[in-house]
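One chain comes next, on its own, written out as structure tokens in the form predicted on its own.
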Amino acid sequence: MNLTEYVNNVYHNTVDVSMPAFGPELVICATIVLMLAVRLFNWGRRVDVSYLAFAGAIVGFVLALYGPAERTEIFTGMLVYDKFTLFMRAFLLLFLILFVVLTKLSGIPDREDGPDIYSLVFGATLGMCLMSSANHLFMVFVAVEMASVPSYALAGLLKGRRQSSEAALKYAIYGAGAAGVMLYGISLVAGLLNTAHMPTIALELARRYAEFSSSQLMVLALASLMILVGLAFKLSAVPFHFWCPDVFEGAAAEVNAFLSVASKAAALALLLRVILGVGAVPPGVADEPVAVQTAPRQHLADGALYVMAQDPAVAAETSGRGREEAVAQLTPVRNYMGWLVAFVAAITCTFGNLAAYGQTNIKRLLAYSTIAHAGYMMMAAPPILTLVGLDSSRAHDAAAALALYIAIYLFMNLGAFAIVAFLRNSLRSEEIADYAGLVHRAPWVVICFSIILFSLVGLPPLAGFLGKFAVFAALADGYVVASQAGVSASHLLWLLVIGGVNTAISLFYYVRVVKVMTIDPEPESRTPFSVGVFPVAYVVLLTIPLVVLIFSWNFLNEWTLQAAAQLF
């Protein structure tokens, strides 16, 4: 392939394939530019940019609902466009719409700071969209940083508060350290396998894993741990959770909602991309012979794969190997990642639930709740890795279970932090003790908050039960299928037990908040206050899905099944 043909192929891939699939991200970029450009004019300072942000989020959400039906790699293989990308982008932009409405109702940010804050929020959302579609380890790093750097500034949103500045500083320091470690792990993988393109990494591991020396295996294990550090930081998974409670306490409740929902969802999507990207071979990659050459990346006719190699013999060896054979060769890699993620998930949900007991500040309590739920959602990854090599249809169901949990989690945590923000404006306090007797002053808020908290526990008939049940069912399914196949999967059984015990433990600290709001006497010093009609309506709107989904959840289940369809 000469230079002219290469340029023409890149141009064709960018203009005809990549750009149409990249529409929502382009809308986000255009909205950021428009919000910042408005401030250049004197009349622009009188414009409320929240309406521009709302309009941009709406347009992006509509575009995110439509796209190509087939799995397509875009921008020379850096990103992958499939139904899971479609689902996650729609989820993130729906959250962005609800988030803009929340900030408008709560009054943070004000009109003066609005363009800056909304630009940071949209910039972080852009990074999260890239996280959910990353197909290259360098893009993994870039996407994580694009999502993280604006979040550091958002944590210090409350100007003049020492606690808020401290939160932003801690967040930035932890983030910088995690990013450096992750980048070093990526460089080790790229140096060992001569590629950072995840499907190519999977093929290289399938071909060469059995021939690796002990030192090479050690480097590979160390690199995977370093990459997990970056992912664990975004998930606030133990032991990289230290920033989360302090940042949540110091930052505004609105920012906490953004970090706890959008950031966690994108990090979980990225975790799924990475473990499947290097632990399994995507559909359409190894079903046909793979062309490999010593020159730089070769663009295949169908635009499905980019491969970099130095040994021409790789082509002959890889050519003709079907996807099933390649997946089978990756079993040791998946076993290692499955045990590693299972261990982190178990200690994360256990620590989060135990640490939440002694909290007196509602934001710190919800921070540890967020940590615990990150552990629950990570529990879906080990059965996926186990089932990929045994029963791909069951693995597909396990991935759909994770997507279902993420979708329900949006309403639970956004609703919880929205209530905290509205009560902060009314009570001028975020201490749990100051919620005493709140049922007499704001009964609808208390009812909705109680429903949200019980849904976070996972009690039926609330929607939170659906998410946990789906993940636990995936664990049980993975254990049964593995046992029938004679494969050791004891970690799945242990995860199921640990998840069930932690669910029971979490009931106590959630109920404590409900007890304070409904049973404890109202302090005599409390002055009359009103939450407001529109904030109450917003909270009710977020609570309704948690009540009705248990009776009509098949449409959401079908959507998540479609989202996971092209992962395997």
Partner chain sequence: MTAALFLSLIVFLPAAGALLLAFIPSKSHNALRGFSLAVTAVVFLLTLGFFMPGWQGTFDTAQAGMQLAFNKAWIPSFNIYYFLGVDGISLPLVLLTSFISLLAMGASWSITKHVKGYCILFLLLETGMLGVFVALDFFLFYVFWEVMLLPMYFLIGVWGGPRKEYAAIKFFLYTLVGSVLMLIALLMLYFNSDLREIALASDLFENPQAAVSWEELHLSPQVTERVTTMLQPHADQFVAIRAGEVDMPGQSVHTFNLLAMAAIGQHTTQYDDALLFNWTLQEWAFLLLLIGFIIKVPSVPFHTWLPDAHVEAPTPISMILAGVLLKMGGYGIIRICYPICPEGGYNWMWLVCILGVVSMVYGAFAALAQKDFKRMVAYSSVSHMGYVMLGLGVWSVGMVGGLNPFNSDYWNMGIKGAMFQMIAHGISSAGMFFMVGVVYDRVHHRNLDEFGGLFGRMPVYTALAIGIFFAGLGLPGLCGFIGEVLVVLSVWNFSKLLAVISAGVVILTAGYILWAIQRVYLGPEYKGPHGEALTPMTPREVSIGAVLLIFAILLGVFPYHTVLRYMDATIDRQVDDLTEWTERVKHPSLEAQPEQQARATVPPTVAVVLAPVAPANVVQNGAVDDASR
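Note that the structure is a prediction, hence the values are computed from the model and not measured. Residue numbers count along the first chain shown, from 1.
One more form of this protein, predicted together with its partner chain, exists but is not displayed; see below.
This chain appears without its partner; in the model of the complex, the one residue of 344, 356, 278, 496 with a heavy atom within 4.5 Å of its partner chain is 496. Checking 540, 59, 507, 531 against its partner chain in the model of the complex, a heavy atom within 4.5 Å turns up for just one residue: 507. Stretch 386-394 is the answer when you ask which of 192-200, 422-430, 386-394, 258-266 has residues with heavy atoms within 4.5 Å of its partner chain in the model of the complex. Using a 4.5 Å cutoff between non-hydrogen atoms, residue 94 does not count as a contact of its partner chain in the model of the complex. For the chain shown alone, residue 50 is not a contact residue for its partner chain in the model of the complex, no non-hydrogen atom being within 4.5 angstroms.
When its partner chain is considered in the model of the complex, residue 82 lies well away from it, no heavy atom lying within 4.5 Å. Its partner chain is not shown here, and in the model of the complex it never comes within 4.5 Å of any heavy atom of residue 544. For the candidate spot formed by 157, 221 and 243, no residue has a non-hydrogen atom within 4.5 angstroms of its partner chain in the model of the complex.
Of the residues in 500-523, those that come within 4.5 Å of its partner chain in the model of the complex through at least one heavy atom are, in sequence order, 500, 501, 503, 504, 507, 508, 511, 514, 515, 518, 519, 520.
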